[in-house]
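Just one chain follows, in the form predicted on its own, and it is written as structure tokens.
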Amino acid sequence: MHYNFHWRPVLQALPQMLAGCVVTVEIAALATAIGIAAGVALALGRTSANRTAAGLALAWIEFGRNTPGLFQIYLAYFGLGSFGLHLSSFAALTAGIAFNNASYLAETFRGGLRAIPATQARAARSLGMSGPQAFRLIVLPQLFRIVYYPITNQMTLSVLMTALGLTVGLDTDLAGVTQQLNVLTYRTFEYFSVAALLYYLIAKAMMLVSRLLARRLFRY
């Protein structure tokens, strides 16, 4: 087995790969934000007394949690295109990851809602707050404190899922840039080793930032 490693082309291409890292983080952050908003709505739907809302929320969650994320991205990119709705690779990847995030976060939020005593919302109502006010000012802050770390884990998973953008032609994120460089040079081991290291560093940086934010947000 004779293989000569060539790291100089990788070092020269590092600025391009770092630019791809920025796009990767953008997609992950956007997909997580959309997933959080949709997840809260789904959690409320699952706990709703309205059977239609509960049924639709359950259908979303069951489909999202029990089918591969790749299929969900394909449905956003190829499936919607069959109905005349053509999404860009960036939008389809973001939508697919957000759909997947919402499915998992919905159950996390539902568990968090159950951990908050119902008496707190009733006490807020007795002080003159409306139902939406009680939820926004009393329940929601406690909910996000409970589910904060699962959300950060989900964002890390979102970063790793962005590599699936290769399957729908995305070439501006880290995986896409790496593949383009690999096709031009055939230095597969070198480029993808560095890309793997960059994914690792992004994930570790996110976890570090989340811990620092937690110390500031949840001091009391």
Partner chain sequence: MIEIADVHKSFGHLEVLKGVSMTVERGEVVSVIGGSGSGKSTLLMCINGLEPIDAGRILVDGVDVHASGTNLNHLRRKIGIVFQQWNAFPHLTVLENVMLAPRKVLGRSRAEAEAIATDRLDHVGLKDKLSVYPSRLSGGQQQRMAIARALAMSPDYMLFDEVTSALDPQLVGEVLDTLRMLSSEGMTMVVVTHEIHFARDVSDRVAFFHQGRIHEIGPPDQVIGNPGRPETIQFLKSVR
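Residue numbers count along the first chain shown, from 1. In this text, all values refer to a predicted model and were calculated from it rather than measured experimentally.
One more form of this protein should be noted, the form predicted in complex with the partner chain, which is absent from this view; the next part is about it.
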**Message:** Taking the partner chain as it sits in the predicted complex, is Leu85 near enough to touch it, meaning that at least one heavy atom pair lies within 4.5 angstroms?
**Reply:** no
**Asked** Though only this chain appears here, would Ala124 touch the partner chain in the predicted complex if you measure heavy atom gaps against 4.5 Å?
**Response** yes
**Message:** Does any part of Ala115 reach within 4.5 Å of the partner chain in the predicted complex? Heavy atoms only, please.
**Reply:** no
**Request:** Examine Ala91 and determine whether its closest non-hydrogen atom to the partner chain in the predicted complex is within 4.5 angstroms.
**Result:** no
**Request:** Using the arrangement in the predicted complex, list in sequence order the residues of 130 to 151 with any heavy atom within 4.5 angstroms of the partner chain.
**Result:** Ser130, Gln133, Leu137, Ile138, Pro141, Gln142
